[in-house]
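Two forms of the same protein chain are encoded below as structure tokens; each is given separately, as structure 1 and structure 2.
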Structure 1
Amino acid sequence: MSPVQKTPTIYDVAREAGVSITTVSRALNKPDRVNPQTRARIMEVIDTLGFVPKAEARARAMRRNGRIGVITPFFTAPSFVQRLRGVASALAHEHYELVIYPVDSVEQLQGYLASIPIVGNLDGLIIMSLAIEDQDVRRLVENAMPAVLIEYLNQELHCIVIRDEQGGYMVGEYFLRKGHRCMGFIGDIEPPERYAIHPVRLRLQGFKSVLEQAGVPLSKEYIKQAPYTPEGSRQAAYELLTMDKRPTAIFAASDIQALSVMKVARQLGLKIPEDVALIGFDDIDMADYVDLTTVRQHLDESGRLAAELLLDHLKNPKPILQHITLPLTLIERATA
């Protein structure tokens, strides 16, 4: 008779990792408070041993309602709020709590992705606008943690995909049809955050591509790096709008930055679209209120679809993986 395999315990993990059980517990429950190298070593041991925290498993079994987690950067930004609103709407009549995990550092993201699948106190996970490593995907899959990615593609998980390059291309085509030949761009091209994906580069790439094809390439001096802050956006707008040869049209990589362009133009006595046409990106709620022409990326819909994919996965443990590309739409209003 072969010996009965012993179920690994937290003591086994601590011994193999060379740390205390307190450190193991902290790595699972408060991962951002553990040194990244130590946490990585602990998670490697956990993966190898196949350790599952019993207390968490019991707590999960006793819950009446399930729990859906959302890991997101910039969760107070209007576009992310609208995505969260879409998630919440899909869960409104389901027996699931919504738990938000805000991310503001690489270490915090890595901590969440290392511990959440192991601890098992969530039924499913939605990951917004974050690039995740193959090892993190593997951990999600091996621990049977259903997950959906928004704005990032991975063949092993459900994904909601946005074609940002196409959006920039659409803006360029629109401006060209309107007869513009001198155009500018404002966006956070070189953001400091290493933990989030940054679609602005793709939007710029699509914009530049269509202009080059038309023989009116976008000069470097008309491309303004603008941090995603009111001050940074207004400064970039001022630089463009006070050039000797002012652009007749501006593509702002987000609606929030387009609002800054509108404010600066007004302060300089310029009329939109008579003196300068303007197009934003996202179609946040405020865009309709100020009559901003913009590229709609169906923010609420992306959140709702992600939640629905997750709910279907929870009902069907072996679903067919879906990669859904949401169409972009240029919404013509009063600014272009």
Structure 2
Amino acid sequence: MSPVQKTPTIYDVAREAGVSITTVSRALNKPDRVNPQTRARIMEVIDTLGFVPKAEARARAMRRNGRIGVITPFFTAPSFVQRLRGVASALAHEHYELVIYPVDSVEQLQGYLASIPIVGNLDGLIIMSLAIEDQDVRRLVENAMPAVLIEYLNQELHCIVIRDEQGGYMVGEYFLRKGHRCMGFIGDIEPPERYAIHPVRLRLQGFKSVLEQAGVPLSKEYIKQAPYTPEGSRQAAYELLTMDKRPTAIFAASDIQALSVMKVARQLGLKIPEDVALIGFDDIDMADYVDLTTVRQHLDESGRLAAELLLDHLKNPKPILQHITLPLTLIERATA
């Protein structure tokens, strides 16, 4: 037989039927303007070739599945994955496709935000943990692209946030209640990228402020800036755990960094929580596996909610702007 065909075009049909593309086009669009015999022959070829006009296929495709997009940095970090899981679960039964746009530079983010609302043929957009500028928001709004932000506030869009400062506060309180007087902090206070956001700074701020109120202020040496990478966190953890006057409790601004602390502590032969207490932030799945005490921010929930907000918005485009603040809970497990 003939070699494998790419999807046939009108040209293929024309050649096969021995007519011009004009006639094929007409046979399809204005059947009465072409000789019945010719038309029959053309239709036959069309059937055997399985020709489908591209535009139609597209239109059909567009109608069947809606598409919602998620813009996220490092989408494989556990916390983002859990948010995504929430999004996916909400979308699953609604016949929506899930398109992911991983961001790793400002330019990329800007590029997405500029072109997505226009060419992206998306029905809605979820933007996770990214600082988005007013002009970009404006574009979204003007192009009537429903969007919801997670972890970032904006007056013109739906938002889902938590009180990061309060989270830090809770941890500080807890440590104090347990009698700790010398504490440390590890977190990515200074995200290198302009597009990233700074919830960590707020967590630290809350943490600091309770300690201050309690009269045991957190001094500089006990605050370790650690990039959100395994090596970075380990380095910071090592510095903190080998200090002359080692802190008796550590607040890691994310669970994944807390895990690094655990690893380093193990290597140094330090016991948790006996030698150092440890509290993380996020409550990713893994936290339960390793019995990490942590501040739960409902990650799955945030994603699910974002998706539902979007779906609602799509169903009845009544722009009742929602700003949702999810609660935080300190989950007490074995490390503090």
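The term rigid core refers to the most C-alpha atoms you can superpose between the two forms while keeping them within 1.5 Å. Treat the numbers as computed from the prediction; the structure is a model and nothing was measured. One-based numbering along structure 1's sequence throughout.
In this comparison, the chain shown as structure 2 is the form predicted in complex with the DNA. Relative to the superposed core, residue 325 undergoes a Cα shift smaller than 2 Å between structures 1 and 2.
If you fit the rigid core between structures 1 and 2, you'll see the Cα of residue 26 move by 2 angstroms or more. Taking the rigid core as reference, the CA displacement of residue 17 between structures 1 and 2 comes to 44.8 Å.
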